[in-house]
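What follows is one chain in structure tokens, specifically the form predicted alone.
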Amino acid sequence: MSNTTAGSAATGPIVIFGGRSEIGTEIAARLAPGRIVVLAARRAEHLDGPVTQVLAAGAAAVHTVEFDADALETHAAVLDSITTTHGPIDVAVLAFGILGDQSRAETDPAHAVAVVHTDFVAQVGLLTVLAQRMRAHCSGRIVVFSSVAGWRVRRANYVYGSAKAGLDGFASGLADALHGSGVSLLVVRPGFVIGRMTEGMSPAPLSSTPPQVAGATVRALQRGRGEVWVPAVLRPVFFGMRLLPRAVWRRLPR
């Protein structure tokens, strides 16, 4: 699927893996003016809303690509298809993931594994292929969404939190491995985000919205930063929380 407006992209495409993600779409819209944007997601033929939003933000063209994050064996082919059609990727945003049901995951091992597979294993697979492709071109920027939930895993959401903890560690190590290669990686650590994924849940203190997370991410990307907390005040708060006694920590809510 392809939609085009006037103008052309000055550099390589911006690719959102998880193309119907609220945060991913907001990031694409902020980076869109004059650029080619690729939205990669399952059921790619049903991405009319995100496509319209990104086109309205001034994208030169918006294309959709079928992408199933959990199908690890397809990642390389998806990347090859994108680069063959649109050239080497300039910005790759990994915006896919699931929150899962903590209560169910504590008794249903298949569900626990599904959360970890999508939020950690699938991310590792895609990041590894992306890094390989971008290193070959000595350029490219990658955005990875960790979470404060992974900074110190809480009893209330330890399945999701443990997946994010693993992802945070992998992404941080990959960023160091990419140093000097011409490829950069930005780790984003948002707190509770009020959106579709958390619908029906009571917002936690210092919550943010998809537009706020997207805005902070794009600013960090443009400044060449390696990590960003959203909101920024969460960084000192969670560094302090690491010092809480375990007996207190285990009682904290999500």
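Numbers follow the displayed sequence, beginning with 1. Note that the structure is predicted; figures quoted are calculated from it, not measured.
Keep in mind that the form predicted in complex with a small molecule is not shown, yet the notes after this line are about it.
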Non-hydrogen atom within 4.5 Å of the small molecule in the predicted bound form for each of Q132, G140 and S184: no
Location of the small molecule contact in the predicted bound form, chosen stretch of 176-184, 100-108, 82-90, 68-76 [non-hydrogen atom, 4.5 Å]: 68-76
Proximity of A95 to the small molecule in the predicted bound form, heavy atoms at 4.5 Å: yes
Distance check, R42 to the small molecule in the predicted bound form, heavy atom within 4.5 Å: yes
The small molecule contact in the predicted bound form: I23, any heavy atom under 4.5 Å: yes
Non-hydrogen atom contact R196 with the small molecule in the predicted bound form at 4.5 angstroms: yes
